[in-house]
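In the block that follows, a single chain appears as structure tokens, in the form predicted alone.
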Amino acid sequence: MEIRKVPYTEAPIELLLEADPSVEKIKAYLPGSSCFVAMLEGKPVGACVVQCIAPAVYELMSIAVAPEYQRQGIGSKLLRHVVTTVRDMGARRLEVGTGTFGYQLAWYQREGFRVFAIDRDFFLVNYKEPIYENGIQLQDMLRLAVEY
């Protein structure tokens, strides 16, 4: 597997929709972001978008792996690549927002992220359609970060 940085105009939106169901939101945060794509045999199988949100602070806006390639370590390799890349760019912190339950929360914590805040009603206020995970509607967003 190869991970490459691509211009935001070449971001695989269909993959990013696996993590964020809003095309409008994706298109809003892509400009000014860095996009990384995991390629396997010439095919994009994973993607992530990271953006500088303050001096030396970056946010992982989205990370996704195609369903047929999930649970094979691609997402972890992609995340570790981004963690290392932004650290090498001078970041002192990488943040991410996720739901308050589910495998994503445990995955980020296994990768060294720690909860630092709760954004109450985030999913209710920021998305037109309800988002469900395991039959439960997402309401609040947990903010996690890894410090360098």
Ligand SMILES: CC(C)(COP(=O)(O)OP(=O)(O)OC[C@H]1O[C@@H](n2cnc3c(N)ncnc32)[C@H](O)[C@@H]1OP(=O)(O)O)[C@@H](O)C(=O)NCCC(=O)NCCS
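Heads up: residue numbers just count along the shown sequence, starting at 1. Everything quoted here is computed from the prediction, not taken from an experiment.
Only in words, not in the display: the form predicted in complex with the ligand, which the text now covers.
Query raised in the report: Within a 4.5 Å heavy atom cut-off, is Phe113 in contact with the ligand in the model of the complex?
Result: No, Phe113 stays farther than 4.5 Å from the ligand in the model of the complex.
Query raised in the report: Ala64: heavy atom within 4.5 Å of the ligand in the model of the complex?
Result: Flag for Ala64 set to yes.
Query raised in the report: Is there any non-hydrogen atom of Gln104 lying within 4.5 Å of the ligand in the model of the complex?
Result: Taking the distances in the model of the complex, the answer for Gln104 is yes, it comes within 4.5 Å of the ligand.
Query raised in the report: Is Thr85 close to the ligand in the model of the complex, meaning a heavy atom pair under 4.5 Å apart or at it?
Result: Judged by the heavy-atom cut-off of 4.5 Å, Thr85 is well away from the ligand in the model of the complex.
Report task. Can you check 113 to 121, 51 to 59, 28 to 36, 96 to 104 and let me know which stretch has heavy atoms within 4.5 Å of the ligand in the model of the complex? Result -> Single hit among the candidates: 96 to 104.
Query raised in the report: Can you name the residues of 63 to 88 that have a non-hydrogen atom within 4.5 angstroms of the ligand in the model of the complex?
Result: Heavy-atom contacts to the ligand in the model of the complex: Ile63, Ala64, Val65, Tyr69, Gln70, Arg71, Gln72, Gly73, Ile74, Gly75, Ser76.
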